[in-house]
Every structure is written in structure tokens, then in C-alpha cells.
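Below sits a lone chain in C-alpha cells, taken as the form predicted on its own.
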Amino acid sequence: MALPRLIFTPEHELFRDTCRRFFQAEVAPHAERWREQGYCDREAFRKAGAEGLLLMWADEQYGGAGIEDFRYEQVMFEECIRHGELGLFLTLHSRLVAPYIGALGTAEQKARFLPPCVRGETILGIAMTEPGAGSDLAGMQTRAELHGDHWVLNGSKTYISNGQIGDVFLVAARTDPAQKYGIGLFLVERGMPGFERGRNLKKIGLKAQDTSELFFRDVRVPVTNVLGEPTQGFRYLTQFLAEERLIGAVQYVTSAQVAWDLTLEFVKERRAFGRPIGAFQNTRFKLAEMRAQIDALQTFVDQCVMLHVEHRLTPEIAAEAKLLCSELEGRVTDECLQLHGGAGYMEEYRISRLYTDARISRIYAGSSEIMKEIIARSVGLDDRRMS
């Protein structure tokens, strides 16, 4: 029995039922086909929009519900992992990209972009990572130059989620070579001349999630597609990192819980030497240890969620949650696959997908090494000042 969670109200649990039914009916039946084709159907976004699951925070004038309580988003993330398909990146669309438009966009930009995003007709992506620059934004090579009423964008990005099905990408590009972090944020739309997509990259996990290369060759981006000040993109990006890492922590601990649930069921039924393998001390001790670790981190994540609801979550605490939960997910899915024995290595068993999907969690949204650096600096262990 998992530790009771105290942060949800009856309204949240009613919403959980709605999400569960949606993912069971509209996502789960298509998940295997999506993994084989390498991307999710666009129709899934439209159906999620019709159900009111996209951009719930958006004002009613844009078609949203105006719900700022992050717990509703948390519930949706959890149910998508439990009953849907992790590769359906509704989170990227609704909580990692669209909020930039909501917070930084002009009235015209919000009126133009948010309504079709709420309906799931326009799918969003974010393009920061480059072949030679991942976590180090100072190494960004993509550049934008101002020419009258438009910017000319040149460069390339890689490992971009929703890269094949996306319609509008938030592209980070260097705008002031004299500044180390002189970066602008540009809304690049499908069909703009010079904007091209590369191949859908093959991955060891997240098979249903399309991940692509993007190329920009003299793309003319109107000044009306610039978010905020064109040299302050780095500052804007850092403002949204705490939530991005919290979202990751929510997902990682949920994946660990699902892996544990599947394994508990498996060890009760699978027999060896005349007994269920759950009767062996090694199995019991492994599952007991994982149960305690999941409960502890779920409690920590729920506390972080409440801090975020109260606008008190710091980037450093979010980094702790991201670090610990991604590492836990890796350990738990590995141990649970081991307890499945040979069956765990077969793709027909869900534990194999949870295992391969989990490997990216310690890399994207800031690697574990970057999270440790952030935490160390927050306690005064900054090598730049100590050397």
C-alpha cells in the first residue's frame, strides 16, 4: 500500500477520473501503432483540446479554463503515464512552451497563437539544443540578425521533441554577439521559407515521441514573432526552468510507481521452484526497499508541487527533485526489469519500455551532473569563487 497523498481535493480526484477515461479510450489503443510509426497522431492533440486538457491555465478569452492550480496538471501527467503513452508530449505543448507565449507575448501574439494551441490544432515545440551546444547556452551558434521589420535566422537545432508534427517552435538564437548570453526567442511557424525539418531521429526509448533535427536557412521571422526583448532570452529561459524540472520529477516518480506496481503483480503470479518468486527473500527485500524510496520521494515531489502552487518553489529545490526522481526512476525500472527475468527483456512486457524510456530522464531538462552543480552552488560551493 502506497503512502496516502494529502495534497489533492475531491475536485482533483474527479478530474483524475476524467483524465483516466480519456487516456484509456483515446490514447492507449493507439500507443503501439504510434511507437511503430515513430510519432503520435495529431488527432490526439485535438481530442485532448476538446477534453479541455491543453493549456488549462490560459484565460477563458483564449479558450482555456483559467486554472492556475498546478495540481490539475500533475494529475494529468500521472494519468498519462499510467494509462496513456509517455511519448505523447502534452506536457511540452501545454506547460513547457505555451507559457512563454502567455507570459511574454503581446496581446496580438496571445490572441493569434493561444486559441489554436488550446484546441490542439497548433502543436508546439521548443528548439534550444544544438549539435555543439546542449546545456551550455553560451555555446549557441544559431544566429538572428535584424533587417528592418524582420529577423533573418540561420543555424540548426537537434534532439527537438515534436520536431515532425510541431507547427510552431520557440527557437533560441544569438542576437548580440557582444553579449555572452545575448539571446532572443523567436516563434518560427510551419511553412516559413528556409525552415526545414531533418530526419526523425531513432532513439532507444520514447519511441512514440518524434525527435528531430531542425534547419534554418535565411528564415525571415517577422518582428511580431519575437517574444519579449530580443536580447533577454537567456533570462526568460531561466525563469521557466523550475517548473520544467518539477514536471520532470512528477513524471519520473510516477514511472517508478508504475514499474513497481507491474512488478508486484508479476512476482505474485510468476513461479519458480514451486513457489511464487515474490516469496523469495531477495524479491521481498528489493520491493520493500523500492516501496520506501518511492513513498519518500513522492512526498517530496508533492511538497514541491504545493510550493509551486504558492509561487515559492526555487530553482535549487526543483533541481533536487529532478535529480533524485530521475535517479530513482532509473534504479527502480532496472531492479523491476531484473525481477521480471527474461520476460523483462521482451518488448511485449511494459517494464521493458519503462526501462528504456527512463534512460533519458537523467539527461534532458538538465542532466544529473548539471543538477548537482546547481545544488552545490546554492550551498556556497561555487568553484568560480573558491578557486
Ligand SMILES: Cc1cc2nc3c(=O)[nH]c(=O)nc-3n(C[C@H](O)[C@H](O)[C@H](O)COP(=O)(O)OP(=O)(O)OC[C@H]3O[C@@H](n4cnc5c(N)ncnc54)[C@H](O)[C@@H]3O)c2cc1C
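For clarity, every value in this text was computed on a predicted model and none was experimentally measured. Heads up: residue numbers just count along the shown sequence, starting at 1.
Although not depicted, the form predicted together with this ligand is the subject of the following passage.
Segments offered: 123-131, 251-259, 286-294, 73-81. Contacting this ligand in the predicted bound form at heavy atom distances within 4.5 Å is 123-131. In the predicted bound form, residue 360 approaches this ligand with a heavy atom inside 4.5 Å.
Using a 4.5 angstroms limit between non-hydrogen atoms, residue 370 touches this ligand in the predicted bound form. Taking the partner from the other structure, this ligand in the predicted bound form has no heavy atom within 4.5 Å of any heavy atom of residue 197.
Shown alone here, residue 236 lies farther than 4.5 Å from this ligand in the predicted bound form, counting heavy atoms only. By the 4.5 Å heavy atom rule, the three marked residues 161, 203 and 365 all count as contacting this ligand in the predicted bound form. With the partner omitted from this view, the residue of 232, 91, 211, 225 that lies near this ligand in the predicted bound form is 211 [heavy atom within 4.5 Å].
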